[in-house]
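Only one chain is shown below, in structure tokens, and it's the form predicted alone.
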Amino acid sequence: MTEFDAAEVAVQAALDAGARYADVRVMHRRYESMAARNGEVEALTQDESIGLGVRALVGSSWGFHAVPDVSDAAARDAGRRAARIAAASARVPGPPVDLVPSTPTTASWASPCEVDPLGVSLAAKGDLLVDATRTMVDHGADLTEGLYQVWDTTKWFVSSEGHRIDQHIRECGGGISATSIGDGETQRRSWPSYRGQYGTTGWELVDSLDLTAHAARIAEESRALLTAPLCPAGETDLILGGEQLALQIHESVGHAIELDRILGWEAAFAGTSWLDLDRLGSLRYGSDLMNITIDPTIPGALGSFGYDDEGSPAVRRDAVREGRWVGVLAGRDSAAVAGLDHGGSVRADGWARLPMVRMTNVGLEPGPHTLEEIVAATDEGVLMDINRSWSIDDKRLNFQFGCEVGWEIRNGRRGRMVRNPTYTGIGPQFWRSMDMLSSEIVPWGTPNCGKGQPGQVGHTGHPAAPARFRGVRVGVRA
């Protein structure tokens, strides 16, 4: 019995049990990670799972049931149970649930991959992390860490409307960090990001990070930060590095434009959104330089796929165009409620979880400047890079971020390094103050986006580049 056979059996069982619509995801996933600390491999994880998850729609209610078994009997039982759960929920009248149209598709898709991450030997991977972490110790860091992660996922999707889609998605990435400990002070530097860099691609991504080549520098910077002056406090021009701006996009744009949050469906746990659908198409979100797209078609970016978990094809759409809010992340049901004509942003983190609205690749289009030009045009300010902490309210409006490192900018030149740099703001005011944006876009990957009850961990991408924001409050007042 093939995976497609199991999915079709489950769909039919749900229909026979009273569902007016049903879809099934069979997923087989292999996961591998390794961590090293101070020149020694500390942990190796290798997991594998396969299972089947069924969604069934009865009346105005969804039902979901999942099993770690793709046999005929298990698939039939899962389909029946999903329909029964939906029917039980439908006993309480609710608003009608419709789905925006989706053209039935038969298709296959695979992410680009030059070097199979699971084909690289454990010895080679271990040597990479050991060498990098040992180099950081040799250059003065007290605690050094290295990590890689690999996900190899195959999905089979079948719906009662006629979809039949399989996808093979390989994701991987990694990074290193150095921590130095002083008298009442601890400082960390990371490369290329506080969590590493990730994408839907092969081991060639990890090779391109050249972890060992950056190990000495970040160790020395972590040590230097112990005696660096504190970030000055006050209002000034702020230049953000691309990695930090990626997280800024994730927290203050990506989550805010999730349609289920806007509709209040996630209020119990994840929160809501400050955005109001009545202002879609008219709200001024940011400056004219703010052009943000929802684009799961970017080759190699972590939020890329061929089809989402409702069978909707990957399509590039605008979220913000020349500063104006014009688009949302949606699923077929939430889009129908909002009167929109598309879904395309629904995924689950495994076969045992109900698919929900998730970010894909949500990020900026390139600007007209370079980082050097931005610095040269700044009379006084602070350049901050690499995230260290984040805090944002449940409407995704008021925020405060901390970065690993900062540099004072004076008269168009980068000056002394400063420690514990922080900045705070209100989303639309902050984005409206962006007046310079680099063309040096990197599709940063976030492999740890949490959402939902039960919790799910999503993989998202955020194209970003250095940018300048005027009159931002930085530092902490004494």
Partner chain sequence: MSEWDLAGRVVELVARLGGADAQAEVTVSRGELALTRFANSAIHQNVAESAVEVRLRLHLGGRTATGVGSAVSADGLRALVERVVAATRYTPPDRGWPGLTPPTAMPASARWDAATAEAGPDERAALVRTFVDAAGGLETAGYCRTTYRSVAFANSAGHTAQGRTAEAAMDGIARAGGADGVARHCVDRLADLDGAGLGRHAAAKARAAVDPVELAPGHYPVVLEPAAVADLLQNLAWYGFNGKRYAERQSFAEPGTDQLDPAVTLVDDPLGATGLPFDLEGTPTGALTLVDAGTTLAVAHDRRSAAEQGTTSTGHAAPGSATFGPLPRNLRLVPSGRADAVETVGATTPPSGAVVDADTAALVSRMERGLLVSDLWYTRVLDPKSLVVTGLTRNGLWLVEDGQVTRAVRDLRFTESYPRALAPGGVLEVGRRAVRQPGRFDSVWWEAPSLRLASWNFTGGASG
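Positions refer to the first chain, counted from 1. In this text the structure is predicted, and so the values were computed from the model without any measurement.
Below, we refer to the form predicted in complex with its partner chain, which is not included among the displayed structures.
Any idea which of 123 to 131, 209 to 217, 227 to 235, 280 to 288 reaches within 4.5 Å of its partner chain in the predicted complex, heavy atoms considered? Contact-bearing stretch, as computed: 123 to 131.
Its partner chain isn't shown here, but in the predicted complex which of 170, 369, 347, 396 has a heavy atom within 4.5 Å of it? The residue in contact is 396.
Going by heavy atom distances of 4.5 angstroms or less, which of 340, 376, 74, 352 would be at the interface with its partner chain in the predicted complex? Contact residue from the list: 352.
If we define contact as a non-hydrogen atom of the residue within 4.5 angstroms of the partner, is residue 49 a contact of its partner chain in the predicted complex? Looking in the predicted complex, residue contacts with its partner chain include residue 49, since a heavy atom lies within 4.5 Å.
Is there any non-hydrogen atom of residue 271 lying within 4.5 Å of its partner chain in the predicted complex? Taking the distances in the predicted complex, the answer for residue 271 is yes, it comes within 4.5 Å of its partner chain.
Contact label in the predicted complex: residue 426 to its partner chain, heavy atom within 4.5 Å: Result yes; residue 426 sits at the interface with its partner chain in the predicted complex.
Can any non-hydrogen atom of residue 109 be found within 4.5 angstroms of its partner chain in the predicted complex? Heavy-atom contact with its partner chain at 4.5 Å: absent for residue 109.
Quick one: in the predicted complex, does every one of 96, 156 and 436 get a heavy atom within 4.5 Å of its partner chain? No, the whole trio is out of contact, none within 4.5 Å by any heavy atom.
Given a 4.5 Å distance limit between heavy atoms, list every residue of 132 to 153 close to its partner chain in the predicted complex, or none if there are none. The stretch 132 to 153, when checked against its partner chain in the predicted complex, contributes 142, 143 at the 4.5 Å heavy-atom cut-off.
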